[in-house]
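Just the one chain here, laid out as structure tokens, in the form predicted alone.
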Amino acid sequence: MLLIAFEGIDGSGKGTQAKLLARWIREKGYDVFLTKEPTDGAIGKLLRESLRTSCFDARTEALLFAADRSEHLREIMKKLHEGKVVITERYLYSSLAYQSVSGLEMSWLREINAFAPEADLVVYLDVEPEVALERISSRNSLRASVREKEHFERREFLEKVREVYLALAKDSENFEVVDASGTINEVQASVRRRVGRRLAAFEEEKKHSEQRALEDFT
């Protein structure tokens, strides 16, 4: 049915907003499948271990992210074919943003992820790195290793990642940029307005398609 991806730098609130949106869409009568990347599968677990211990270099990690996404898509496509709304916390765009800033070529990253279809809607939660880092430091984060704090949570790195995300958003009609600096409820209200418009457009197109099919049949 629809694939919605939540994107943003660490601390932007992706997990919280994705869960709240899933609840809202279910209340509107849709079946929802909520998921995330890295996954909880074998490759995803290997990736999480790598992020904790730095056992792989950036290029190997990029390939593992792509492999995990390939496995993930088998499940995503199945749910879409069942007519579900799929909401994923992180997707293809995380690889393009984070791993390009880590020094890998954007063209190569796109090539190894060429199998991954674009999301129908990308909700990019935009927040200043200073705000994101304050949120991360104020909670009990599982990302406690020195390596992750140095490479994935430092201000300069996140500023560059944010710049890539904003460039991706500028070049794609599928991106909705949401100011994520407000309260949880404020951000969710903004997310719902944008997603609500997409759902309405989808239903309108579905109605027209059914009407055309009926006319062709008759």
Ligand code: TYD
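So that there is no doubt, residue numbering starts at 1 and follows the sequence shown. The structure displayed is predicted, hence computed values, not measured ones.
Only in words, not in the display: the form predicted together with ligand TYD, which the text now covers.
K.L.:
Decide yes or no: are T35, K84 and R192 jointly within 4.5 Å of ligand TYD in the predicted bound form, with each residue judged by its heavy atoms?
P.N.:
Zero of three within 4.5 Å in the predicted bound form.
K.L.:
Which residue among R26, R59, R154, R52 has a heavy atom within 4.5 angstroms of ligand TYD in the predicted bound form?
P.N.:
If I apply the 4.5 Å criterion carefully, the residue I get is R154.
K.L.:
Is the gap between R48 and ligand TYD in the predicted bound form 4.5 Å or less for some heavy atom pair?
P.N.:
Output for R48 is yes: heavy atoms within 4.5 Å of ligand TYD.
K.L.:
Can you tell me which bits of 59-83 touch ligand TYD in the predicted bound form, meaning any heavy atom within 4.5 Å?
P.N.:
Heavy-atom contacts to ligand TYD in the predicted bound form: F65, R69.
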